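In the form predicted alone, a lone chain appears below as structure tokens.
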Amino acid sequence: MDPYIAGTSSGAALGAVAAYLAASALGNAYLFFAYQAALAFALALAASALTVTFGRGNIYATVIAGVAISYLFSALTILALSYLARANPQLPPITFWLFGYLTYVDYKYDAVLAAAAAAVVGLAYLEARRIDLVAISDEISSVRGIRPSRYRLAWLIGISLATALVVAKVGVIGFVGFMVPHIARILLKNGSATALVPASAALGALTLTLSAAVSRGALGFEVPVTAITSLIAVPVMVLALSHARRGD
């Protein structure tokens, strides 16, 4: 699971487009910049909460629920964009942005994203042992003084906020959060959060940088970043499924 599959990214995208819709309707561009991240966070959290609620603790049900919620919020986003298309000549760039467009990121927002990434990665590394305990068993983690439901909820809120900050500025970039940990797990032959968190952070940055380079001209024309990350993710998914079937 990653924010793209869980519907978190689609919810954040709908929130960002909703801010644009409100700004366009009221003729006040300030509303877009003032409320873009806030609305993205609110709807990202709502999408995540719906996925978890419908999943009810079952991993397969959660995946199916995530895909369904993702389609729902994506459909609502398309409806909003279709409505805007009638009156806004700048819609094509917005549509392009929706699938991952790093060109809009400036150095000022880079600092915001860097701080958010450092906070999430740093906290995840410090909490790695607890993350492993909660992943292994609710009973074991409860014995160690961890409340699994509250712990997962706290991480759900934090990840939704981080996702909203990213999507609000660069659009939806899919599958990085899914494929990178699997690649790191295979390379390290270690599934503990202590090893995977720093490895995934470094490998994720490298993967996105290379994907962005390819998307911005290596093919002879510019394409959204998600088109490249999706192509990379397909063989990783197949490999992850083959490992799961063998019980690795």
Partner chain sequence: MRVEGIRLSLGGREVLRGVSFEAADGLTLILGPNGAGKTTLLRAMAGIYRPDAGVVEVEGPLGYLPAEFFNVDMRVADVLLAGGGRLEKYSWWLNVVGLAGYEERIFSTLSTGEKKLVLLAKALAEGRTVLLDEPTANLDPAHKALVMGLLSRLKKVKRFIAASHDLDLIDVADSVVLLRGGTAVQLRPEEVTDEELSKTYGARIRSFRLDGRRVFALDF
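What you see is a predicted model; the values in this text were computed from it and never measured. Residue numbers count along the first chain shown, from 1.
There is another form of the same protein, the form predicted together with the partner chain; it is not shown, and what comes next is about it.
Stretch-level contact check against the partner chain in the predicted bound form with heavy atoms at 4.5 Å: of 63-71, 48-56, 204-212, 190-198, the positive one is 190-198. The partner chain is not shown here, and in the predicted bound form it never comes within 4.5 Å of any heavy atom of S82.
Residue contact with the partner chain in the predicted bound form: R216 places no heavy atom within 4.5 Å of it. In the predicted bound form, no heavy atom of K169 sits within 4.5 Å of the partner chain. Although the partner is absent here, L133 is a contact residue: one of its heavy atoms lies within 4.5 angstroms of the partner chain in the predicted bound form. Comment: the partner chain is not present in this chain, but in the predicted bound form one of V143, L123, L113, A154 has a heavy atom within 4.5 Å of it, namely V143.
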